[in-house]
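As a starting point, one isolated chain is supplied in structure tokens, in the form predicted on its own.
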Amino acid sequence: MTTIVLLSLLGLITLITGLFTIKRYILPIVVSGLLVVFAIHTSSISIINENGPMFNNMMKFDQFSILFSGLILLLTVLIVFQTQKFEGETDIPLPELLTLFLFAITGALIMVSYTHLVMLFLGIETLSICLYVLAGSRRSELSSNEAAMKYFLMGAFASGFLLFGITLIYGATGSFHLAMISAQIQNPAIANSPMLIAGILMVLIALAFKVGAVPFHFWTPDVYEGSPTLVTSFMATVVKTAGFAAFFRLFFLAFSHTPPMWNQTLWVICALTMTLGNITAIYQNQVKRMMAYSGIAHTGYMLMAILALNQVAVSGILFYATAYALATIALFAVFITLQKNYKLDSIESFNGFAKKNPFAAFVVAASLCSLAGIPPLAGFFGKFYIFSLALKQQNFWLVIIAIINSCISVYYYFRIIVAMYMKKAMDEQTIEIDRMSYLVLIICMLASLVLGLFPDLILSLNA
């Protein structure tokens, strides 16, 4: 509760600060504020029982919400570090840009802490409205306008499915509270009710849209490509993490006792998502579209943990989301610099990059290896943990499909590595990366390596 209030206040302060001459200090203020909020947030781990339910049991700050909220805050700090150099690439001034990020993660924190379906809707809409504006923040560019419009229209349809599904669930169970819904579903007559089953499937469709799962993924490549690159990085990491946390929380707390219909549906979505994402990524030459389809494939892997619906799966989702986000943020941090130098959005912009900036090229290569699941980086253990979890649930064929898809992904990730180390550069000019981006790259690289060598640093948090 304190975290959400402080974030809201920080957003208002950031917006007001932009009116005054001290706005040049706004980035240090926001970064310091986020770190203070994170420090206060982590201190609440020892007093989870004192936090308890809030807002008439509509939200609860338990271990699950505290862990995912902490991850969202840290990822946002890494994104915010890069905003100052990115300011000129949008038509939104820096104070307003940072304010939108802060209000967006406020919605994300609501999404990981709700125990009431109305709060789930409010969290999703708070996050989504900020993203609609951020996606279209390059008002002078048609691609950005198109991205915002597509995201808004598809998001509106998804919200419609979510609200209709919530209505049907309420009609079948008589409650919006997750605990009450779970209790009502213990009754076989309610659990097998066509109204409840239809409601669950509609909510499943809405949440599948939010995380970019097949066949509700069509918005992802166009929105990723048209949005400013830093916004794309935010969508691919913070937004995806919040979406999966909300997804898991709903089905774990409310629907774990329902008939296996949604389970079978999700199995098919998992297989289609990882397969279509990886195969389509092979044919992409633009980096952001390739990463969009890569993100779709990783959505398929993470959905495997939701099939388990147990406390162990929480650690799997948390670890995988962390590994994926660190690698993605590092990759986009370098790509932003390359875009400024070459004005290109293609893989060719990485040609000869290893000679122009060896350290940054090494971090990019390591990040791509982590995404591909190559040891000893965090991405390998993330996949190993998710696949092991699926095997324990006897989803053998799904694991086989996932392993085949992981092998496919190596091809398109290594296209960038080959371009950096084996292709001739467009020119001989050295490419410098600013200090803040270097800091982001160092943090992401070290964190990915440490988590790959010592995975219990995260897995033990949910013990």
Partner chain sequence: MITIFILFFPLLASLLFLFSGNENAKKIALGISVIELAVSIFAAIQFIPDSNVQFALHVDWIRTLGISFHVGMDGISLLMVLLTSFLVPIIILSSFSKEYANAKSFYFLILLMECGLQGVFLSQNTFLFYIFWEVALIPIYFIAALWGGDKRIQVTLKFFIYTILGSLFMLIAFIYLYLQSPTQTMDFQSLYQIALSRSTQGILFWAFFLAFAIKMPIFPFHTWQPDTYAEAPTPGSMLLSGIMLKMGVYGVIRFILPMLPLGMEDWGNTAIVLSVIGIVYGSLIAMVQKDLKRLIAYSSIAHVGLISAGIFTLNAQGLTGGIIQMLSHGLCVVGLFFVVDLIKKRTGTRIITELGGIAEKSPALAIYFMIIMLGSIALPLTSGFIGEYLMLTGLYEYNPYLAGIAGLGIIFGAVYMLNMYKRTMYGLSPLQSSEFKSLSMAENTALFALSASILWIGIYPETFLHLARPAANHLLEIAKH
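Here the structure is a predicted model, which means the values were calculated and not measured. Residue numbers count along the first chain shown, from 1.
Omitted from view is the form predicted together with its partner chain, to which the following refers.
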K392, heavy atom within 4.5 angstroms of its partner chain in the predicted bound form: yes
Touches its partner chain in the predicted bound form: S65 (any heavy atom, 4.5 Å): no
Contact flag, F20 vs its partner chain in the predicted bound form, heavy atom cut 4.5 Å: no
Its partner chain contact at Y25 in the predicted bound form, heavy atom, 4.5 Å: no
Answer range among 66-74, 421-429, 33-41, 434-442 for contact with its partner chain, defined in the predicted bound form as heavy atoms within 4.5 Å: 421-429
Among the candidates F252, F81, W267, F384, the residue which, in the predicted bound form, approaches its partner chain to within 4.5 Å (heavy atoms): F384
Its partner chain in the predicted bound form - contacting residues of 374-390, heavy atom within 4.5 Å: I374, P375, P376, F380, F381, F384, Y385, F387, S388
